[in-house]
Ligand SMILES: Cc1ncc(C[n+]2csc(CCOP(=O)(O)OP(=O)(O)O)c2C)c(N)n1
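Have a look below at one chain only, the form predicted alone, in structure tokens format.
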């Protein structure tokens, strides 16, 4: 990792959010989305959380959640959700718990678990038709342990394990399509900077039964190396440039809920983030930027 990026990341502040005393990074896009999601789902939820950034939200005795919380290893959250869902169903069958006391089972993971080490368990849960909501806050790296590259890291991004003049050599995995191939009840992408789109999708997911999968792009000031005040703007640019398509899969159909008819150039999105600073200094890497732009253009050419 470059010395310039390391110094910039050291200067980024963290803060205590939600009035809970729980330390979370200022400007966290994942927390922004989770706030909005929880506003819709409400207190009658049990979160099954794989190890990651959001685990800090459950630190005793302070937590913003008024429902229940179960902590699991990174690869085990869907299996934990199965046990919780089975237990709730058994209690209702026995008459020990009424329908009004039932809880929504919600898996909460980062991209390291969702795209990588937890994918097998998630696939099995969808195959079984597990009745749960799976939320992935996607900050495109292992954010809780130093922003190492993950299967969600975009091409050319600098991470703590992919440096140099070209950044990450791979390409971001298409988790949406992988999940949709299982034909679950619902799959959607959201982002906290588009709250109306997010709320509509979470409300829709809440009314359905079966496996419901949500991927929330989570701009990350510490991992992406930008000022926390720019989180909302970066989220909006992710949609406006077409880098992050807002879409949903339901009843076997794929629908884009926001189509940026006049897309901004991806350069506007990349330039705000220190993880892409090497594309602009000491000289602009026009070839790499053009390659990133071309991939985005090809995606939308197929859509429209």
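Positions refer to the first chain, counted from 1. No experiment lies behind these values; they were computed from the predicted model shown.
One more form of this protein exists, namely the form predicted together with the ligand; it is left out here, but the text below deals with it.
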{"property": "Region of this chain that lies against the ligand in the model of the complex, out of 144-152, 200-208, 83-91, 180-188 [heavy atom, 4.5 Å]", "result": "144-152"}
{"property": "All of 241, 266 and 296 within 4.5 Å of the ligand in the model of the complex, heavy atom check", "result": "no"}
{"property": "4.5 Å heavy atom contact, residue 137 and the ligand in the model of the complex", "result": "yes"}
{"property": "The ligand contact at residue 53 in the model of the complex, heavy atom, 4.5 Å", "result": "yes"}
{"property": "Contact flag, residue 194 vs the ligand in the model of the complex, heavy atom cut 4.5 Å", "result": "no"}
{"property": "Partner contact for residue 74 in the model of the complex: the ligand, 4.5 angstroms, heavy atom", "result": "yes"}
{"property": "Proximity to the ligand in the model of the complex, single hit among 126, 79, 117, 175 (heavy atom within 4.5 Å)", "result": "117"}
{"property": "Interface residues of 82-110 toward the ligand, as seen in the model of the complex [heavy atoms, 4.5 Å]", "result": "110"}
